[in-house]
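Before any questions on binding or motion, here is one chain by itself as structure tokens, the form predicted alone.
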């Protein structure tokens, strides 16, 4: 079990594996594809104090090495989202972490509201990549003063080294390294340049390096995030110093790999039948009766051919 404490409150993860913000929806909308109990916690899509509208232009631009996402971070505002999802959060099989976005004042008001609710186990702050270290410390400290919930700060990829200590000094109980970077790409359909967040396996080496740089320098746990698509990716983050990891883009392209990663973290050995497809993995010893979408039957025992006459 991995635990993040804040005063008398704690975020307890039975597995050091979390669903990242923006990947699983507001309340685990991918639950028909992914068994949420495989995760230790779920981070909601970004939620703001006031409603935000969806982007009215291109939202997804495919790239050679991943994808660019531009959504506008739509949500109905924290009060409406709480009314809409509180019952589902309350009955969730895993702890819910709310990802908050906005100014320091907006974040503080959201934190004050959440501190009076019981459905949310923790808060994750989306740290804007334009903030200085001093501004990051102010934002985190302002929210810290309003809540006793465990506080995670999700740092921007290219500013993480510069602001990590400030976030920890401001009162963050853990740092998420890192949020996907921003980029611009041309939409092949409209021909327009589109700005948004970048996702893909290429992010993993950058994020692992940051975790290795920050883990010895900050006095709070590091949660790795970025480009995790395979159990070996998780092992690399742990070796670099992460105490837990978050999954994002793998959910969109290989949702079956969430089970493979979770099984690997629990020590279950995965096997694949000879001649099976690349996604046909199964825990060793799993029977056909317990088959899941990614499980295949084991190969039949070898029977030698009859002797030639």
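All values derive from a computational prediction rather than experimental measurement. Residue numbers count along the first chain shown, from 1.
One more form of this protein, predicted in complex with a small molecule, exists but is not displayed; see below.
- The listed set 197, 88, 204, 146 contains one residue whose heavy atoms approach the small molecule in the model of the complex to within 4.5 Å, identified as 197.
- Among the residues 159, 92, 71, 213, the one placing a heavy atom within 4.5 Å of the small molecule in the model of the complex is 71.
- Residues of just one listed stretch (150-158, 94-102, 164-172, 227-235) have heavy atoms within 4.5 Å of the small molecule in the model of the complex: 94-102.
- Annotation: in the model of the complex, residues 12, 44 and 243 none come within 4.5 Å of the small molecule through any heavy atom.
- In the model of the complex, the small molecule lies farther than 4.5 Å from every heavy atom of residue 82.
- Contact annotation: residue 128 falls within 4.5 Å of the small molecule in the model of the complex, judged by heavy atom distances.
- Remark: residue 254 does not count among the residues lining the small molecule in the model of the complex, judged by a heavy atom distance of 4.5 Å or less.
- Contact annotation for residue 182: at least one heavy atom lies within 4.5 Å of the small molecule in the model of the complex.
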